[in-house]
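Form predicted alone, single chain, as structure tokens, below.
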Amino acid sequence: MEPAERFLLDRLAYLQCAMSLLGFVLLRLWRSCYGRYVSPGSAFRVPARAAWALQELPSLAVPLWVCTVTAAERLHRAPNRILLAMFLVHYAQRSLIFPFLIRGGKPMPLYTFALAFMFCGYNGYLQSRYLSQYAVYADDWVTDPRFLVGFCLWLIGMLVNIHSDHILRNLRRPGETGYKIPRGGLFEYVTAANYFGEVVEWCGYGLASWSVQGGAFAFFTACILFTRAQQHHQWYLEKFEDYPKFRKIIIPFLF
């Protein structure tokens, strides 16, 4: 059973890479449908706070379920525990804290919500099952340069993501409406500073885990968020004549 499941987890990771490429192509052809891009007449929409909380929750709940009902033999090793904790900390913030900080927020189309919900369940199982049952690390892996650099990137990326979300939430003063150009932090250099932070975060996680599963998730994040960042960048350029032309899309000084 174990070799068969390990084989399955590897195939699920490769499938995630394929989904990344497919999503990249589709989102280049058709715009993402959420937030400011949702048509006012769209039916079957989920309130913003509920959508964000529920769609991200499987990435927290599924790993906790996996670790509770299975042997989770590898979690007695420090590297496995730390890596799984990195994953869970992010999604605890995204599902239990971030949604309740949203001010207003546009309802999300039901199909967008459903796709995100299914992906979070899929990825939550993939990452947690691999780390809790099959990932083998030496006891000194936490001192390996790949782990140390990856952990630092994960932490920096998460802090950038949280700070950038804070800037976006506070663009408008109470009672104000309409859109504004984000200022401060990495928004001085890129349009999608929040996405940049999340890409750095999961690339760090992928490096620290040094696994196909972690790498596949990092690749998926980069593919999907890069297309969304391009969409945001083009929207700002069309919306604001004074939008800083030197700002890159998502990666400072590059793209």
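Keep in mind that what you see is a predicted model, and the values were worked out from it rather than measured. Don't overthink the numbering: it's just position in the shown sequence, from 1.
Just so it is clear, the following notes concern the form predicted in complex with a small molecule, a form of the same protein that is not shown.
Enquirer: Tell me, yes or no, whether N161 is in contact with the small molecule in the model of the complex, where a contact means a heavy atom of each within 4.5 Å.
Expert: Yes, N161 lies within 4.5 Å of the small molecule in the model of the complex.
Enquirer: Do P182 and the small molecule share at least one heavy atom pair within 4.5 Å in the model of the complex?
Expert: Residue-level check for P182: yes, a contact with the small molecule.
Enquirer: Would Y205 show up as a contact with the small molecule in the model of the complex if we use heavy atoms at 4.5 Å?
Expert: Y205 lies outside the contact set for the small molecule.
Enquirer: Under a 4.5 Å heavy atom criterion, is H233 part of the interface with the small molecule in the model of the complex?
Expert: No, H233 stays farther than 4.5 Å from the small molecule in the model of the complex.
Enquirer: Of 133-141, 146-154, 73-81, 166-174, which is the one stretch near the small molecule in the model of the complex, taking non-hydrogen atoms within 4.5 angstroms as near?
Expert: Answer to the contact question: 166-174.
Enquirer: Heavy atom within 4.5 Å of the small molecule in the model of the complex: which of F113, F98, F87, Y125 fits that? Just give me the one.
Expert: Of the candidates F113, F98, F87, Y125, F98 is the one lying within 4.5 Å of the small molecule in the model of the complex.
Enquirer: Report the residue, out of L225, L186, V200, L60, that has at least one non-hydrogen atom within 4.5 angstroms of the small molecule in the model of the complex.
Expert: Answer to the contact question: L225.
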